[in-house]
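Read the single chain below, which is given as structure tokens and is the form predicted on its own.
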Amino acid sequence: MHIVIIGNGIAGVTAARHLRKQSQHEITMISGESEFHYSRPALMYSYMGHMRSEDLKPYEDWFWEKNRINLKRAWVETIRFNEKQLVFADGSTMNYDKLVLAVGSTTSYYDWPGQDLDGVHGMVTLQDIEAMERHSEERLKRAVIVGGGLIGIEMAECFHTRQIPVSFLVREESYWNRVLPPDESTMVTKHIQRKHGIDLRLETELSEIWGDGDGKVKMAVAKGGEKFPCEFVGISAGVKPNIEWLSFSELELGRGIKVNDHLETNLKDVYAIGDCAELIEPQPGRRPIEAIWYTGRMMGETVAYNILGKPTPYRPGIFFNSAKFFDLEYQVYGSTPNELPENQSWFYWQHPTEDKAIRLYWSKASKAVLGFHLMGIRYRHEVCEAWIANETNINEVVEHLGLANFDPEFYEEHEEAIVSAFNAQEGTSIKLKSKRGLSGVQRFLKKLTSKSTARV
């Protein structure tokens, strides 16, 4: 059997690795973007000079041949699904028995006049980073970034490390407030402006991009007429599944490629995984499309089982994510909406002088903890996930909150202050019983596991 995977990101590579672990079938992985798999989250560190280009590759170049995973660098132009055949841009073809579409995301553009000028790029692909590098070396004196979120902040940090001034155009009234609760959004906004001196323009939208007459960017113009002279416009107004080239096929599409919980499309022997996959019936608490590194990895492993006749539903479990706004760390576990639902309660604590905050969510009816939202403080994934999975009472969580603390040994602990503030809000008299430490975490998890086993 010949299994072909289009895309060599984390989803496609994980699928290839697990297929090889469990079978002797022929495996071919195709990408027009790069010859070898690279770590997409590490792209920014290459531009900033923290990593060499070869450091972006998690596997040595010899790994693929040794594991009998064929690599083909080419762009797939179309797919003849009825014939099980790929057609490449150069006109050549390749047949498959099973096909995995792991084609990822692409930058969202919104038909701005001038968006095709030289100097307008997202920050999604290797080619985007190469373009940023080329413009930085050639003529870049000032950049404009359009849109916020995590990609926007990464791009701003990239330019900032090279002392390239940035104007950051964000249409919201506070940074990423469609995702972050109000207090955290305000904290991030101030962190960007005050601590790092970025020219953050809130409630400002791009209208058009002007060229210099030679096809290169010379200015971004905002709605309302304000002009921003620049040589580079970075687009970070979201990403979308890379499916436009598939829109004229028999494949069932929505915002992404529609798949069931076994990651099967509507076409026999065709699967979709990663950023391009849209689950028809996502697990409760999860979105149909999740462009996150770890979900791509989980999908890659799951699809391998299903291709090899070992039916396995995709179950991503409790949501989590982590990122950084410059040097401000951000973590979420479980359900953490930016507006409080009627059936939930939340508690928020913020450090009086530093950029540190924690928000806890729980059910009004059952008092079970639902989520953790953290800024500048790190909590252990396994502890937070165990509390949420076991529907632990919020008072018990607060009582043992120190167990979750994952900051380094000599960092200040804030759990005493957090518990005191929680008591003031909720009218409780909880005393902190646990502090950070690996031995305490191990005992806690062992105890929790034995309780779960007893219930089963």
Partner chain sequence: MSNKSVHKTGLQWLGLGLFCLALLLFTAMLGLESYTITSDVLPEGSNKYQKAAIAKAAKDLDFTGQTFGSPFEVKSAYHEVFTKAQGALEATFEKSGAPDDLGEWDFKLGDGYFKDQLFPLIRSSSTGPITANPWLWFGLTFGLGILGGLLYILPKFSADPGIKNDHIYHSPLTRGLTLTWRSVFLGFTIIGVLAYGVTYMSGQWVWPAVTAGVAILISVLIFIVQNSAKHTPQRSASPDMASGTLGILGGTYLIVFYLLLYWSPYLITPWVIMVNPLTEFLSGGSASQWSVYGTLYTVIVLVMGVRMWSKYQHNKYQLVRTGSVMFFQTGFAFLIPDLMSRLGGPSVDLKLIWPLDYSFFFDWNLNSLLDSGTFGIFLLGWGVALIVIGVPVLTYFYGKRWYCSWVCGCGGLAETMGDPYRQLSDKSMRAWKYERFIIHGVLVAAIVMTAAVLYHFFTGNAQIWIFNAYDIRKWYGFLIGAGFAGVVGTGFYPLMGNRTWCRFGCPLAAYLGLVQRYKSKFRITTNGSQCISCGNCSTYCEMGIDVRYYAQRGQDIVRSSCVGCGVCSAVCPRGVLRLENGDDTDQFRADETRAIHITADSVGIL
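Positions refer to the first chain, counted from 1. Nothing here was measured: the structure is a model prediction, and the numbers come from that model.
Missing here is the form predicted in complex with its partner chain; even so, the following discussion is about that form.
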>> Can you tell me which of 23-31, 390-398, 40-48, 423-431 lies within 4.5 Å of its partner chain in the model of the complex, counting heavy atoms only?
In response: 40-48
> Which listed residue (226, 382, 250, 208) meets the criterion of a heavy atom within 4.5 Å of its partner chain in the model of the complex?
Replying inline: 382
> Of the residues 99, 200, 318, 291, which one places a heavy atom within 4.5 Å of its partner chain in the model of the complex?
Replying inline: 318
> Using 4.5 Å between non-hydrogen atoms, is residue 57 touching its partner chain in the model of the complex?
Replying inline: yes
>> Using a 4.5 angstroms cut-off on non-hydrogen atoms, would residue 297 count as touching its partner chain in the model of the complex?
In response: yes
> Going by a heavy atom distance of 4.5 Å, is residue 305 a contact of its partner chain in the model of the complex?
Replying inline: yes
> Looking in the model of the complex, any heavy atom of residue 161 within 4.5 Å of its partner chain?
Replying inline: yes
> Any chance all of 35, 107 and 281 sit within 4.5 Å of its partner chain in the model of the complex, going by non-hydrogen atoms?
Replying inline: no
>> If you apply a 4.5 angstroms heavy atom cut-off, which residues in 306-339 are near its partner chain in the model of the complex?
In response: 310, 312, 315, 316, 317, 318, 320, 321, 322, 323, 324, 327, 329, 331, 332, 333
> Against the shown form, C-alpha atoms of residue 145 and residue 195 in the model of the complex: closer or farther, for a change of 3 Å or more?
Replying inline: closer
>> Closer or farther: how do the Cα atoms of residue 349 and residue 196 compare in the model of the complex versus the shown form, where the change is at least 3 Å?
In response: farther
